[in-house]
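Heads up, the chain below is alone and in the form predicted alone; it's given as structure tokens.
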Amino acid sequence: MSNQAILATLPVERRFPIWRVLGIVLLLFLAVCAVMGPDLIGVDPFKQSLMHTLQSPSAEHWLGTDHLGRDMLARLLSGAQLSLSLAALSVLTAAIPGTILGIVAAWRGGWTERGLTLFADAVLALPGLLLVLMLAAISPGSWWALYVGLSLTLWVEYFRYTRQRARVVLSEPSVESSRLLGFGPMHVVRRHLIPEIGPGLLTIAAFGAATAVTAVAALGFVSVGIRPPTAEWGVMMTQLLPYWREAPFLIFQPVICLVITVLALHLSVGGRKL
């Protein structure tokens, strides 16, 4: 019986777990919110109205207003746009060089592999949060400092995983056969390496994006990352914290958004093995 026939006999939940479906659906929903942002509801997230502060959810303001009368839904959407775009950009610019360097190290071996591994270990020796804090101190309130710091921290995971898996794959008889038949490096990478390391890279990317979103919110909460009046979930938590007795439902909104985002990223790759 072929693999396709065996797969067809399995229950749907075993072929594609329900939690992964839920994670992908949540990610798609968050992606739409991030792409469209406040334009989705047509409300300016920076518009203040001191006559309508700390309002409860209503037909005009679906999630209420903050301490300056700004629409909470618009600001949450703006925060999703900032956090998810920053996380996606950091993961992308970390994954490409990390994967390429990992393949080069495994392919070349020798001093090339030892030199790249030593460089990766040197970067890993510096705590990622400390690196981000150093760059944030150089340029306070700048998004590029967070982006560069996160990218410099995340690329090591791609390098280490790719190097380890590529060394195993490149030693397999199928790769040796391709080389003896005259196929070039690009064929080996496309036909043998990518199918083997691709699922693991997606898992690392999902966890890396969750780490980036959490780091941006944590730095904003302690007033080190993005600064007001920018709508960012960590900054919103800090600004709304003094009003938790008067309007407790407001401070929980950015917290819930952060939890849903991290949960969706983890569920979307749930059960995959590196």
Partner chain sequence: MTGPNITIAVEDLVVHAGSKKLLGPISFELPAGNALVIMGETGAGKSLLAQAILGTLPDGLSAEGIIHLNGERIDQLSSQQRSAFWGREVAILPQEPWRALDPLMIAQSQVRESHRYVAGLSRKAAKQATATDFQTLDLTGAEKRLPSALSGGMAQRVAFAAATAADAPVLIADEPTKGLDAERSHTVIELLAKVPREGGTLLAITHEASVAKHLGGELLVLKSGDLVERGATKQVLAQPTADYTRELLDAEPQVWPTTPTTEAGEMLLEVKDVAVSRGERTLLQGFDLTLLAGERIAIAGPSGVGKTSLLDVLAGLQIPSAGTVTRSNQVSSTGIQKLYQDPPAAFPARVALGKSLKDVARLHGEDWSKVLAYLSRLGIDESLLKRRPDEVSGGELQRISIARALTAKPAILLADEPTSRLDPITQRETLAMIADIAAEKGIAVVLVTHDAVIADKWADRRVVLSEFPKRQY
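Only a predicted model underlies this, so the values are computations on that prediction, with no experimental measurement involved. Residue numbers count along the first chain shown, from 1.
Only in words, not in the display: the form predicted in complex with its partner chain, which the text now covers.
- When you look in the model of the complex, the only residue of Gly109, Pro195, Pro185, Gly115 with a non-hydrogen atom within 4.5 Å of its partner chain is Pro195.
- The shortest heavy atom separation between Arg167 and its partner chain in the model of the complex exceeds 4.5 Å.
- Among heavy atoms of Ile96, none comes within 4.5 Å of its partner chain in the model of the complex.
- In the model of the complex, no residue of the candidate spot (Ser56, Ser58 and Ala59) has a heavy atom lying within 4.5 Å of its partner chain.
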